[in-house]
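One chain comes next, on its own, written out as structure tokens in the form predicted alone.
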């Protein structure tokens, strides 16, 4: 009579240690797929992540979700004490910030839809700046005449602004207060369209506004 091969059950503590090491070794958030590739197949990744997050809760660094990825980040209440003044050579125009806000609100969104919401044509370089920053990415082509490319945000966008997911973004009034939403009717209208009103929080040490690029 043949015996069925036994499936080795990983030691939860050792699996959590391995998960911890992988996350500490990466400067960027690690996707769930990337984490699963490092762990035994039968390991309960969700349970391990929650256990590790609880272990670091209230510490100097915390385990946070960034969309479909995870990373260790400095505890928010300690950020001010670790603040460094770093010169920024790259500036984002107000037009680029408006486009970023529209993409965050309405993704997946096409170039033509962005132009319609803003009420002005989109210059060639605006999306390129956001692509270079790693905050937007192509999300495939829409199945309509011309098959236009659609755009959406990236995990790097969530990580840069300290967001767990897009639903963590606040609303229109905060957008106005931060200067990301101007008084033009088209801009007010596009913000009001979203049921989940979003904000792009700005930090003086992470983002500099340039002059409007004429759009």
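For clarity, every value in this text was computed on a predicted model and none was experimentally measured. Numbering follows the first chain given and starts at 1.
One more form of this protein exists, namely the form predicted in complex with a further copy of the same chain; it is left out here, but the text below deals with it.
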Consider residue 74 of the chain shown here, and say whether it contacts a further copy of the same chain in the predicted complex, taking contact as heavy atoms within 4.5 Å.
yes
Partner proximity in the predicted complex: residue 61 to a further copy of the same chain, non-hydrogen atom cutoff 4.5 Å
yes
Distance check, residue 82 to a further copy of the same chain in the predicted complex, heavy atom within 4.5 Å:
yes
Would residue 51 show up as a contact with a further copy of the same chain in the predicted complex if we use heavy atoms at 4.5 Å?
yes
What are the residues of 122-160, in order along the chain, with a heavy atom within 4.5 Å of a further copy of the same chain in the predicted complex?
none
